Structures are given as C-alpha cells and as structure tokens.
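To begin, one chain is listed below as structure tokens, in the form predicted alone.
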C-alpha cells in the first residue's frame, strides 16, 4: 500500500487512532468529538467492521452514531476482497464525512482491503479532508507500517514483534493499542528499533490521539505514550539474536493525558492548558 504525502495541504482530514474499549454507552466523549469534527448533526459516517468476526459489530456502532445525532451512519461490511469493487459501497465511502474502522484483527483488515480501490480511496479522501478514526485493530492499520502481532512485556526483544504494511494514512506514526492494559511498551520499542524514523504512539484503552495538521492531541480517560526516536544514537537490533533484549540509546518518552499535545515537526510536547474560570 503506497504512503500518502504528509506534506500535503492543510485540508487533510484528521487521523484518529483509538486504543480500544472506548466508552460507547455512558459518556462516549471520543466518539462525540469525532462526530463533531465530521459535522455533528450533518455528518455522514461510514462504518467498516471488517476487522471483527462478530456479525453485529457494525450495527452496534451504527446505533451508537445514530444516538449521537448524526444525519446518517452506514455500515460497509467488506468481508472479501471482491466486496471492495462494489460501486454502491464505494459511492457511500466517497460521500462520507468520516470513516470509522472497528476493532478485531488488523490482519483481517490488511488482507481484505490492502491494495484495493477501497484502500486507495481512504488515502485520497483523507488527503481531501475526510476524517478517519479507528479503534484497536482499526487504529493499528492506519500507519505505513502496522504492528501485526507481538509479545507482551516492557523490554524490547529481537523478534518480539511482527510488522506488516498498513493503510499508509501517515508515515509519521506507528501505533500500538491497549497499551498499558496489555503491557505493550516492549513491542512498540522493538518496532521503532528496526528503523528509528516514525514516532511511536502507545494508546491506552478509552484514549485517542487526534492527529490533525502536525499536532497530536490526547483525548480520553487514559494516556498516550509518545516515544520519539529522533535522537537515537544506537540500537543493537542488527546484532541481536532471537529473544535477546535490545539496547536503544537516546529515546525520548512523553506521557500525555487529556488535552496534552505533541508537535510531530518541532518534537515539542506540551501539557494540557489550564481550564479558564472566567475571572
């Protein structure tokens, strides 16, 4: 899957990876904000439940978005690669203000959508201003390289992670989901050690990274772990044997909570702005 040009104009839509298990019933603040960005009561949301094997996943998200007041929420249940050629579904995808990719298995997404007109349409429409959000597996597939699977644990180890091509919505990030809950720091660091180019984003559950322009903003009840490899001086990945711990020198790590931001160009993290009291 080809990668988009991150330097394209300011009209590019948001990319919103979510760490999974986002609140949908009580106060679904992440999904509410996604809907607001897409146009609120005028919004048309297309839902792609391909990653999930549960037959009602698309319908459940459809009800959630309808409950949030969108004008229209449409499920596009791509199950086989030939489904990606359906003209009526492509028309719906093209017309949507926002696209939501559900959780499940990111390899189901990549093997079904990879290299198809649907993948190309998602990249092009995002460049043109369409907002794309994804939770869990739907978050993992957004970047140029996605973490397909890997081992849990805090220490980076050779061969502890398997990478696969993602949708290529951005080449600046590589994300991992259910981050704190499933102890996935080690596999994110391992992924970065292969080629310290992309910024690592570890997403806690019920937490999203709203990536618009050059800025990532944390939103939700957990935290984002930002791993910046720009100043890496050394990695032992090239000489490590299977299951060996990997040495990485020079990483910078930030933990962002609600409202905190990270600029991917300046590499500057900023804390949340204090709430105004009107005084």
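Given the structure is predicted, the values throughout are model-derived calculations rather than measurements. Numbering follows the first chain given and starts at 1.
Just so you know, the form predicted together with another copy of the chain exists too; it's not on screen, but the next bit is about it.
Per the 4.5 Å heavy atom criterion, another copy of the chain in the predicted complex is contacted by stretch 156 to 164, the sole one of 176 to 184, 203 to 211, 68 to 76, 156 to 164. Among 36, 238, 27, 56, the residue placing a heavy atom within 4.5 Å of another copy of the chain in the predicted complex is 238. For the options 132, 93, 137, 193, the residue carrying a heavy atom within 4.5 angstroms of another copy of the chain in the predicted complex is 193. Under a 4.5 angstroms non-hydrogen atom cutoff, another copy of the chain in the predicted complex has residue 110 among its neighbouring residues.
Within this chain, residue 41 is remote from the site of another copy of the chain in the predicted complex, having no heavy atom within 4.5 Å. With a 4.5 Å cutoff on heavy atoms, residue 229 counts as touching another copy of the chain in the predicted complex.
At least one heavy atom of residue 114 is located within 4.5 Å of another copy of the chain in the predicted complex. Using a 4.5 Å cut-off to another copy of the chain in the predicted complex, each of 81, 105 and 120 places a heavy atom inside that distance. In sequence order, 144, 145, 149 are the residues of 144 to 158 having a heavy atom within 4.5 Å of another copy of the chain in the predicted complex; the partner itself is omitted from this view.
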